[in-house]
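One chain comes next, on its own, written out as structure tokens in the form predicted on its own.
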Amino acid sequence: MLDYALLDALAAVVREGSFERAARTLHVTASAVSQRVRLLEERLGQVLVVRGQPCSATTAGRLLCRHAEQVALLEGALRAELPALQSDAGWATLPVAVNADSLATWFVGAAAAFAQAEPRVLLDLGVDDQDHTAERLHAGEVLAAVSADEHAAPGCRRVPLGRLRYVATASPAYVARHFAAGVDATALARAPALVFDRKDRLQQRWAQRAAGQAVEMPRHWLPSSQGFVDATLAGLGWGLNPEPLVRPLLAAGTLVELVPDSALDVPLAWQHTRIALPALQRLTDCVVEAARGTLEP
């Protein structure tokens, strides 16, 4: 049988990133947290935490943390049915992976609605590229994810959400400077593009479709959705911005499309573990409702 005091210590270290911060959340000393984690590792005969800045879980550690999170969520549901347990109510944490552009356009509304419905459940939102969030679900790092993956991760349910529309935008001055003769492979190879991070392939996909061939472009790296918009306005480069974020800027003429009617749609889905967790189902309902108001059908 698992000792849940030890398991809670492990989950707190991984969640908080250090033994000291875990100790503060558990209201014990850092030495006590360290002893609990070490005892759990000795009982299981393997390392569960990679000590560092921040601390991280090993594969076995992630599996145990996921189990601890699921147990906490199930206990929260039980407290809702048994009022006598309310005096012992603690916080449960639900880890979720979401892409930055969804977080900047529609996901916060889903999170807020969920928080009102589940006041004792905290969301741990991890940001990653939509093409890679499902990997975190598969690895056991999260219980749910907004993903562009066409297939459900093993042991998970996939719920289509809609399409997030992206438009290739730049400032009028940038277009005049770099694309006065039109958008083609030669111009794209000379005009710096904005790219979110090393996983971001959107600009490359759009450029290949617009030019009819693969294009190697100079890049500015800028890992911020709002920063992307601001940098486009400032003329730092051109980039694919979520249409809901730049709609008023396009209407005002402060940004323009590089090629009219060349939007790139990215289908998104909500994937979550199939384990029956009432809080997770409630979050799913909130996510579907919020996505319906922003994403293209």
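Residue numbers run from 1 along the displayed sequence. In this text the structure is predicted, and so the values were computed from the model without any measurement.
Omitted here: the form predicted in complex with another copy of the chain. The next part is about that form.
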Though only this chain appears here, would R274 touch another copy of the chain in the model of the complex if you measure heavy atom gaps against 4.5 Å? no
Contact test in the model of the complex: A279 vs another copy of the chain, heavy atoms, 4.5 Å: no
Please run the contact check for V71 against another copy of the chain in the model of the complex: heavy atoms, 4.5 angstroms, yes or no? no
Indicate whether another copy of the chain has at least one heavy atom within 4.5 Å of a heavy atom of L236 in the model of the complex. yes
Would you say all of P54, R201 and L222 touch another copy of the chain in the model of the complex, counting a heavy atom within 4.5 Å as a touch? yes
Determine which one of 144-152, 163-171, 191-199, 71-79 lies within 4.5 Å of another copy of the chain in the model of the complex, judging by heavy atom distances; exactly one does. 191-199
Though another copy of the chain is not shown, can you say which of A185, A139, V175, A115 has a heavy atom within 4.5 Å of it in the model of the complex? A115
Going by heavy atoms, what in 237-262 lies within 4.5 angstroms of another copy of the chain in the model of the complex? none
